[in-house]
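One chain is shown next in structure tokens, namely the form predicted on its own.
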């Protein structure tokens, strides 16, 4: 069925836009500034669509994923810096996602958190080992659609729709401009975090896209990430409608789920928790694969879930080691939500090292032939490259000046 062919985009969007950090970050933005930052989500959505379409097109035409391009275009030394920064951020994000899965399971079951960390790790390992790439896409992509309950909750909370509409127009009504800038940079960085395009382009190769799949690539990018943006809108509206006037700062996944329970009751709570569980689990798999893809592509190893475990043993060993390291880290008791916020900010610093090679390769006619970037793709690509540079330069200073968004 055609609907299943857009599962890659949905999984990439659910796992990229709506991981544990984004859940809290979007709702916190609403709880702090109401609907004022909705326009930032629009910019982030368009940016990730532009670059995901590019890297998906490169994968379809040349058979090369993002880190193939990084190694070839930036050279070994600069590419190694990009690889190391990507792996550190991937490991931080994976640790946070596994912690998020355990928190969701605890909220659903009431069992001890530490035991659920181990259960989450074992289940993820089994799923990745025995499940085909196509079914991983479908299970976690479509399971994460339970998060649409937040769209219903947003409508049921009866926000002032004129104020919501005004939120799509850039403006700032606050006495905390640095905090406003921190949330804006964080939302943009989260929307365009590098592991999304690592996973997306590698997934295109996994699915053996060719030039005849370029329409499917566009559909995956537009529908998938458009859906991720819609969910981000819903979460921010819930935060602004439910928490802003009460002065509540939703810092936990349980607080986020209350956004669906208050207007919809127990069924809303259950759907929210199930949606969060699938979304965060999907994000964990995205990140796990992204780390293994990056290392294997950079070093020229055989890689890919479609090769089965014995067909790409070093790729399999890499994701296994990453999973064990992340499990060990989360067992130390680190706060998954806070760790994801740090991961988003630090990944923002490395954004140019990911997106510059994509733009260069998408313009290279020796790779792309008649499928190279057109004028619109280049204009948008250059505009967003400037945005990416601003994000990269601003992220760490704002992290420090706002005390990780606390001031």
Partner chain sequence: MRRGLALCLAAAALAGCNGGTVDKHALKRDAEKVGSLATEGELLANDMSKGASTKYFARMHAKELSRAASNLADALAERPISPGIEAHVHKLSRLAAKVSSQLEQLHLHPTNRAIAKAMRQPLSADADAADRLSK
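Only a predicted model underlies this, so the values are computations on that prediction, with no experimental measurement involved. Numbering follows the first chain given and starts at 1.
Form predicted together with the partner chain: not shown, discussed below.
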Contact flag, residue 107 vs the partner chain in the predicted bound form, heavy atom cut 4.5 Å: yes
Contact label in the predicted bound form: residue 126 to the partner chain, heavy atom within 4.5 Å: no
is_contact(residue 261, the partner chain) in the predicted bound form, heavy atom dist at most 4.5 Å: yes
Residue 388: touches the partner chain in the predicted bound form, heavy atom cutoff 4.5 angstroms: no
Position in contact with the partner chain when the complex is considered in the predicted bound form, options 269, 322, 164, 277, heavy atoms within 4.5 Å: 269
Single option in 254, 313, 226, 170 placed near the partner chain in the predicted bound form, where near means a heavy atom within 4.5 Å: 254
Non-hydrogen atom within 4.5 Å of the partner chain in the predicted bound form for each of 42, 180 and 222: no
Contact stretch among 62-70, 46-54, 339-347, 371-379 - heavy atom within 4.5 Å of the partner chain in the predicted bound form: 339-347
In the predicted bound form: members of 67-98 within 4.5 Å of the partner chain, any heavy atom: 81, 84
